[in-house]
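Have a look below at one chain only, the form predicted alone, in structure tokens format.
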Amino acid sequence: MELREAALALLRANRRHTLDGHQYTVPSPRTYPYQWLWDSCFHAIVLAELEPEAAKAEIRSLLMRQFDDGMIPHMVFWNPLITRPYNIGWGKKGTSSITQPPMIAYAAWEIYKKTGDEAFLREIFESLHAFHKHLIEHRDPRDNHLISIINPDESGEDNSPRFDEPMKLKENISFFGHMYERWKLVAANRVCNFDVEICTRNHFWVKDVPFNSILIKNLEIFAHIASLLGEKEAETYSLLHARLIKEAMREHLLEDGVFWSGTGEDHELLKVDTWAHFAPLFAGLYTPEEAKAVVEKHFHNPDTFHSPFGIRTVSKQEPSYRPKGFWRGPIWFAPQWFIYKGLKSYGFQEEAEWMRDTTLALVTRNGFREYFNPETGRGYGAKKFTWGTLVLDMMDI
């Protein structure tokens, strides 16, 4: 009960209201004082249990700034005085011009499971369908059924070494050097007016494993929503494309028993060992035999991903591994949560319990910090960071 109260207190403290009546939660008051797409989905998942009406408000505020073509931006700057490099381009005023992993259907379904509010699902149905259609129809320029991201930030893992090769960056690039290169990429995409076919060919074109895995899971959940609402065409569309993306990932991105992100027209594999190997567990992409091999070879290996405090986001064997390097090695709660959900769905109960216990221990020891050193357990980055509240959703074993 103490953890539950602390999580609710944090989410309430980070809650913001706009002059025109919208409500959202900032991930951290000082470091991240805006609204982010997948962060708000994480908030809604937790708030579905704690304060369902606040969870609905979180989703509604995201959808208020959806683009006409269906895209939902990864950042909303509700304060009109705020400017950031990401709000250049063809985005609506006060938003970024790129997106983030599509977790909204999952969050909406969690709200429905707690409330039974079918009217809420009906209210947001067309917006969710339009977002998925945008990704499928605008982010697959060669019709390969693999959805592309046009900036590392769209993965949610800003400076992950998965993206060093397509950005032509060295493994020892600094945090701020990497940030500058991503800002340059947004500016380059502005020049080509965010035309994905042109921009990807000339700048950055990655079929990211976690992004596609998350989309598959959300398409399948959205199909449940469509079925519930009697929307047969949307249900069929969602299941079809979930299957097509699954098949394409197995055909083009699976090698040596794990999935790798790919780049370019020929899907060149970006062979950097990151937690992305585990993301397909969330979407059920591995066969039971493949999943067992991934858990035995990668999850339990202390020389690669398994640390005393959780799963490293980058293998310890990678030259780019940095235990304090933002997304270049530290433990983050969102990957912990995705891996936990995947392990549980495959029946790896002992491993799932370990994920839950290590995540809870990090919160208990450090409070709600942004990320953690996998070798020492020390917390770094933003304070009063909301991702730690996801541990409440991991307490249902």
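Note that residue numbering begins at 1 and tracks the sequence as displayed. Because the structure is a prediction, the values reported are computed rather than measured.
The same protein has a further form, the form predicted together with a small molecule, not shown here; the description that follows concerns it.
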Decide whether Glu58 counts as a contact residue for the small molecule in the predicted bound form under a heavy atom distance cut-off of 4.5 Å.
-> no
Closest heavy atom of Phe120 to the small molecule in the predicted bound form, within 4.5 Å or not?
-> no
Glu351: heavy atom within 4.5 Å of the small molecule in the predicted bound form?
-> no
Close approach of Trp327 to the small molecule in the predicted bound form, 4.5 Å, heavy atom = yes
Out of the stretches listed (238 to 246, 154 to 162, 313 to 321, 276 to 284), which one is close to the small molecule in the predicted bound form, meaning heavy atoms within 4.5 Å?
-> 154 to 162
Option touching the small molecule, based on a heavy atom within 4.5 Å in the predicted bound form, out of Phe368, Tyr346, Trp337, Trp38 | Trp38
Find the only residue in Thr95, Thr263, Ser307, Gln100 having a heavy atom within 4.5 Å of the small molecule in the predicted bound form.
-> Gln100
